[in-house]
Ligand code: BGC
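One chain comes next, on its own, written out as structure tokens in the form predicted alone.
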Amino acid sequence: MKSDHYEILTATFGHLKDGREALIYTLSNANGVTAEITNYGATLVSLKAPDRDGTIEDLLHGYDSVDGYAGSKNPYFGASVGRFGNRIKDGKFTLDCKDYILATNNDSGGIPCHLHGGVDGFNRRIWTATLRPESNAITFTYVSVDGEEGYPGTLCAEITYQLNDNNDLTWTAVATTDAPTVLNMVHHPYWNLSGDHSTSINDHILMLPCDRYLPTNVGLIPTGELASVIGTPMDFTQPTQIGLRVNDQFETLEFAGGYDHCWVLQQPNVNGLALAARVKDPKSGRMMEVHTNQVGVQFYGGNFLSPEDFQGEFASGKGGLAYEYRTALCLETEGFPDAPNQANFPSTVLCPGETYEHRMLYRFSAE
């Protein structure tokens, strides 16, 4: 029987330029935690949670309407990214002796690459929503046709958000294909646990249970090495202030302008969930844990955020705020970037008869 507690609210989030309506849905729990999700990009728009004093604030960068999310300058705020999250070198890969050419929609260090599924990836699609009030969840579905953005195979994808009374928000991506393809669906929220989105996340305390990471070249493509973090500014095996070493003279940090790398989980659990990250804002006491069934976690420290990104097409983020440099962080669990071109990385190939499943759990608390 449906509980009144699990009422899922639905509202208009605006209209796209072609006239299609975007909707926004609100999940809430018994502790005042709410999650707002739009069917445009299966995007997490807002996550509100209490601090140590019970003050509830929104912890996500984003926009006040679908206009910003559909704009050309949206840096994937809260998006469900696909088909392939993160980077693919030169926008090319070979599968079953056939070469595939993808869009090169990103340029880092003067080297073009394919980023986050291409020009019109999953983050720019309207997904079909099914509300599941009995479990306080929403499932979004989308069919990506053969050849979309250059990828082979027709892919049937679904993403489910679920919020429980333990303050856990889960994001689960499931997909099947009718032909071999590559797949790395990724969730891309930008967090500032203080709730004050004008402040830097360099004061946040981060722990990553990862003893190796993937060094990159100047184009932010992994070199193929799984390097030790020990004795480097990439070591977050103990809780460490993010800004403590971010400006150290360390080649891979200099290439990325800070942290924008994939760390290798020390004890992954592909059949369950393993801790991938723990981050805390000391001022508010808010803490977030990220658990996953993936092998890696990309930590991005907001190095490319700039107020200039909020000029012209859209004047501001939420509440009229133009987000500054390093005012948010991303923790994206994933298969390894550029895996289709790196034979020593775990495979990201999905074949007919197989089911892809990527599970993430965000756990919120305050101390």
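Throughout, we count residues from 1 along the sequence that is shown. Nothing here was measured: the structure is a model prediction, and the numbers come from that model.
The form predicted together with beta-D-glucopyranose (BGC) exists for this protein as well; it is not shown, and the discussion that follows is about that form.
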Within 4.5 Å of beta-D-glucopyranose (BGC) in the predicted complex by heavy atoms, the stretch out of 197-205, 229-237, 173-181, 113-121 is 113-121
Does any heavy atom of residue 149 come within 4.5 Å of a heavy atom of beta-D-glucopyranose (BGC) in the predicted complex? no
Can any non-hydrogen atom of residue 40 be found within 4.5 angstroms of beta-D-glucopyranose (BGC) in the predicted complex?
-> no
Check whether residue 89 has any heavy atom within 4.5 Å of a heavy atom of beta-D-glucopyranose (BGC) in the predicted complex, and answer yes or no.
-> no
(message) Is residue 188 part of the interface with beta-D-glucopyranose (BGC) in the predicted complex - any heavy atom within 4.5 Å?
(response) yes
Residue within 4.5 Å of beta-D-glucopyranose (BGC) in the predicted complex by heavy atom, from 75, 285, 215, 257, is 75
Restricting to 275-306, the residues within 4.5 Å of beta-D-glucopyranose (BGC) in the predicted complex through any heavy atom are 298, 300, 304
